[in-house]
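Only one chain is included here, represented as structure tokens and corresponding to the form predicted on its own.
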């Protein structure tokens, strides 16, 4: 993680504030910062989203292409994640400085999306053993202000919600082969079902308490953190411990319970916002010169 440089007195101030459930920006321990979210902002992708969480900003683009199913899952397509840190996001990202952060975010996203309970991967299948849809999800970190993992997961779900896959048709070709026909209308698409897509909730241990949505200054004071993949029903689809510090069993149980509750609340707000965004885009499509 890209961390700010703090003095001992600044760390002391942050840690003691967290113990009193009062953080430097006025939030309580289980509150997120203000979230700004836009979808459909990149015209050369099949889906896209931009998120600003506090001072963290990320851009997600989704492209779909026809590929070959994996041998062990011949009827399914798959998602492939790519995460890149802009050198302008933080000085530590110069050169290959952001590789560890990119790998952490990418591996966590891959872990929570690699099952059929999260997304219907069979819906991405076209011709068993021969063709399927491969969904490439590219995450670009534009500005680093803490809690990038959560921000990336929210933006990924929004971008997938915005993604349209071409409605193809299959016809019989020569020598028994099946031909794939793409639609002429670029608006002739089917949307992915993202109702069960998870968000990642990072709970950071500071002193004797845990917080969510840590800023980069608070991440400097964090001894260890727990990253959870949570669905809209509050089910956990992945857990990973990060950081060099230890977590006692009682703290882990408490953090998991908090993560489930906060994850459900986050889903409610996100789903409501995405429906509003979808309604706005439909209104825009209905206007024009003709």
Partner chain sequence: MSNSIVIRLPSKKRLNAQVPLSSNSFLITPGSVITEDADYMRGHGTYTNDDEEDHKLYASVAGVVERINKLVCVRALKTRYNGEVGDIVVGRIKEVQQKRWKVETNSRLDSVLHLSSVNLPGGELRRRSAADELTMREYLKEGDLISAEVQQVHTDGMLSLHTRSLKYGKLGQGCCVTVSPSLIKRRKNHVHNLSCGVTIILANNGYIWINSTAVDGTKTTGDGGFVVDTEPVQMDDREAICRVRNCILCLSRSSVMLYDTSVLYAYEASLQYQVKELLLDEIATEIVDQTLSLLERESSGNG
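Residue numbers count along the first chain shown, from 1. Bear in mind that the values here come from a model prediction, so they are computed numbers and not experimental data.
In what follows, reference is made to the form predicted in complex with the partner chain, a form of this protein that is not presented.
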Study note, to complete from the structure: Only one of 227-235, 250-258, 35-43, 59-67 has residues with a heavy atom within 4.5 Å of the partner chain in the model of the complex, and that stretch is 35-43
Practice item. Evaluate residue 246 for contact with the partner chain in the model of the complex, applying a 4.5 angstroms cut-off between non-hydrogen atoms, and reply yes or no. Key: no
Review point. Taking heavy atoms only, is residue 221 within 4.5 angstroms of the partner chain in the model of the complex?
Key: no
Practice item. Answer yes if any heavy atom of residue 275 is within 4.5 Å of a heavy atom of the partner chain in the model of the complex; otherwise answer no. Key: no
Point to revise | Residue contact check: residue 240 to the partner chain in the model of the complex, 4.5 Å heavy atom | key: no
